[in-house]
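This document contains two forms of one protein chain, each encoded as structure tokens and listed individually as structure 1 and structure 2.
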Structure 1
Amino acid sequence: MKSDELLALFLRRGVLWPTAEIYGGAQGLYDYGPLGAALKRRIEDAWTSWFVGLSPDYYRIEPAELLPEAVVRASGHLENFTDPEIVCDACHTPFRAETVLEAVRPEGVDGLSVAQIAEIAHANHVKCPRCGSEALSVPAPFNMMFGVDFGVTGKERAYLRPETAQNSFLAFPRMWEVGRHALPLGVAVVGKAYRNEIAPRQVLFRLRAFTQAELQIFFDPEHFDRPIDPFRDVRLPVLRVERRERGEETPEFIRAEDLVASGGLPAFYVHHMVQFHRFFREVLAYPEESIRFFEKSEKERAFYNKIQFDAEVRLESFGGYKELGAVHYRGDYDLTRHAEGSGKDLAVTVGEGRSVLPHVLELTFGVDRNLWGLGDLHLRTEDARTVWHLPPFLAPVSVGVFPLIAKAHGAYAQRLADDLARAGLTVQYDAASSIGRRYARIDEAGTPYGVTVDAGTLDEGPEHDTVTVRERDSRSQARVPVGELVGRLAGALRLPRPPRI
């Protein structure tokens, strides 16, 4: 599906809509409707179950979204979290400099001064993407954080966090006390982050408020190369810098142990790439051929990232690979900055009495982007019907319950819907229009099972207390005793857990 088709379907089904729509919307903000909110919660739960489940020493916390100024000063965001812009003097539209200069400077504008950006624009006769004018100016750098006056004095400032990661770093000393006094120690946060983007676009891809799911793993740098598990025979689709420099875009499938042995990557890093890849495959069910781990070069990475592979997925809606997550090795940059900023010693003492300032491995995951990805990759039009082939455990609604004839079978069906809800399933009762149209409605919403109550269910004949269970993907139908329903469906609806190591 094209981007605008997918958006139209999402709007029609109430997956999402622009925030404050009756006031004309707010750029870069969306509200999730019932289907979207339920799917988002399922994605978050699945992410948490998987990544926090990787180790008994990985924990989820829920910290505040507002950070006092001292935090973002120490982290460098107050000084450096800027996105150079170019403004058209003719039509007054602001653009991201990186976007406007993409054709003439594909490597981006990070680190360039205002004067250098202006020089590049003028030398290349760059035009305003909107009105075509060459009268472009480059204003002073614009900090992308949303700042607020905090408290009544007018002297304190706080900032909406530009990334959830800062909260994990701040929590490290408490988590060390709460945990087993052992490394590696993982701290996961699922929650909102905020960026005052110059040019929000692509629906859920460049938002001003978005949900991140991140795991920061604090580890002992002396153990970075320690083998974790045999990797068995896992092959990862990677596009390394050398191949990229030869103009390649498709990944190679490289055995995980070769990425360590001859690829120069630490075992602990590759272990988490493998788990990330399994999450894409086994939980989100992204097709193998759509995924690549895209290595960022030294020039492209933030200076504190020593190794970075973006977890990219090819989306038809945007005609190419999009970053849906990443694996970063941030060294000891963050704890060093916060130790300096706070004046607190953040080193810990490990086993043999050795003092260690932990290094950080960071797994990032964009919840909104992946919600879109699940639409892009699993919504298909088949025989004039739109079917959302979501993995059953991610579906916003697990079971549709239908009386064949509302008047005759409605009471039984409603009681059944209620019983299934009490057993912990998410259920939608629907008695309106033909059974075929009701199936079509749940197919489009990704509901994996439809249960129909008919005359046989109520009669004292051989079909007494049985119902028809119809599967979304196979469209197969089977007669099932109501007492066996929960047991039959529960397995497929359970969130997957990571493999035992």
Structure 2
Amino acid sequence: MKSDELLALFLRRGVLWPTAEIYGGAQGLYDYGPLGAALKRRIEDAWTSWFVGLSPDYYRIEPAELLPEAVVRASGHLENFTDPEIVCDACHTPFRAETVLEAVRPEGVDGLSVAQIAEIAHANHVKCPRCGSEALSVPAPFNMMFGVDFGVTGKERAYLRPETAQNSFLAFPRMWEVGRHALPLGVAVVGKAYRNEIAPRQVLFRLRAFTQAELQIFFDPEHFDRPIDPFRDVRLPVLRVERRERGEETPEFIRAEDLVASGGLPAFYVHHMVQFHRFFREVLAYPEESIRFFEKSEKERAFYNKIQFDAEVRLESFGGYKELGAVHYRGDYDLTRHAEGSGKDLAVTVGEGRSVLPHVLELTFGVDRNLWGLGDLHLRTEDARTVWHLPPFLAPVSVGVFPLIAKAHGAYAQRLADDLARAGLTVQYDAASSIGRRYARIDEAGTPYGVTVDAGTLDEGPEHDTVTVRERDSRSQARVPVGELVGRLAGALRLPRPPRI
């Protein structure tokens, strides 16, 4: 499905729409409608259940979205959180330099000066994507953070957080005290981040306000090579730098143990790559052949990262692989900077009195991007019907309840819908139009089950107090006793859980 087709369907079904749409919309901002908001919550809850559930020492917190200037100064964002742009001198349109140059420099422009970017553009006769002019200039990069006046005097400065990670670093001392004084210690945040993107594009992929799910794992660097059982034989789709330099784009499947033994990666890092891959496969149901871990070279990765693999998925709507998450080894950069900025010692005592400044392994996941990915990979047109093959536990609505004939069966069906809702299921009651049209509506919304109340439900006889349960993907139907309905549906809607570390 093409990007514009998927967006049109999302708009029509109330998954999302542009912010301030009646005023023409606001670039880089989207609102989620009923289906989108429900699906987004499901994704966030599934991510939390999986990744925070990896260890009894991993926790989720909910911190403030405003950060004092001292924090972003210490973190390096005030100085380094810039994005080079290219401006067309003919039509005066600004573009991200990385976007304009992606055909001639696919590795990106991180680390390049303004002069180097301009030289690449001019040497390759790069044209403006909008008007085709070669009259391009490269102004000085600008900081992408949103600054706000803070306090009543207006002299203090604060910033909307550009990433959720900083909150976890700031929370580490408190989390050490309220936790079990043990490493690894995980601190997760799911929430909004804000970036003043030069040219927001590709719907949910370049936003000015977006939702991140991030887990910062603080660990003792002496234990970076802890065993990776029981996953040593799991094969991961990996595209390493060496293969990319030979022109390869497809990943090779490498055993987790081999990535450690001969691939030079720490076991603790590979273990979490495995968990990321399992989440993509077992929870989001992304096809195996669509996933790859894309290794960033030293020049490409963020300056604070020592190891970086982007978790990418091939999306038809954008014609190639897109980054939907990543695994970063950030070393001790963050705690060192915040210790220096705050004047506080952030080292902890472990074992028999050994002082450790923990290193950080970061798992980052784009909630909005993955919502789009679930549409791209699971929405299909089949036999003139559109079906959203969402994993049942992610579906915004778990079950549709329908009276076959509204006048005859409506009261019973409404009571049944209320009973299912009280049992914790998300229910949509629908009595409008033919039963076939009602099935089509829930198929398109991703609802995995439809329950129909008919004459057999109400009449005396062998069918009494049974309903027809229709399964979305197979369209198979079965008579199920009403008393067994909650148990059957709840079992099918149960979220997979990972084994703990």
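Owing to the predicted nature of the structure, the values given are computational and were not obtained by experimental measurement. Take the two forms, superpose them, and find the largest set of C-alpha atoms that agree within 1.5 Å; that set is the rigid core. Structure 1 provides the reference sequence; residues are numbered from 1 along it.
**Q** Of structures 1 and 2, which is the form predicted in complex with another copy of the chain?
**A** Pick structure 1; the other is not the form predicted in complex with another copy of the chain.
**Q** Using a rigid core alignment, state whether the CA of Gly76 is displaced by 2 Å or more between structure 1 and structure 2.
**A** No, because once the rigid core is superposed, the C-alpha of Gly76 moves less than 2 Å between structure 1 and structure 2.
**Q** Is Lys127 among the residues whose Cα moves by 2 Å or more between structure 1 and structure 2 after superposition of the rigid core?
**A** Lys127: C-alpha displaced by 2 Å or more between structure 1 and structure 2.
**Q** If the chain moves as two rigid parts between structure 1 and structure 2, put down the smaller part's rotation against the larger in degrees.
**A** Rigid-body rotation of the smaller part between structure 1 and structure 2: 10 degrees.
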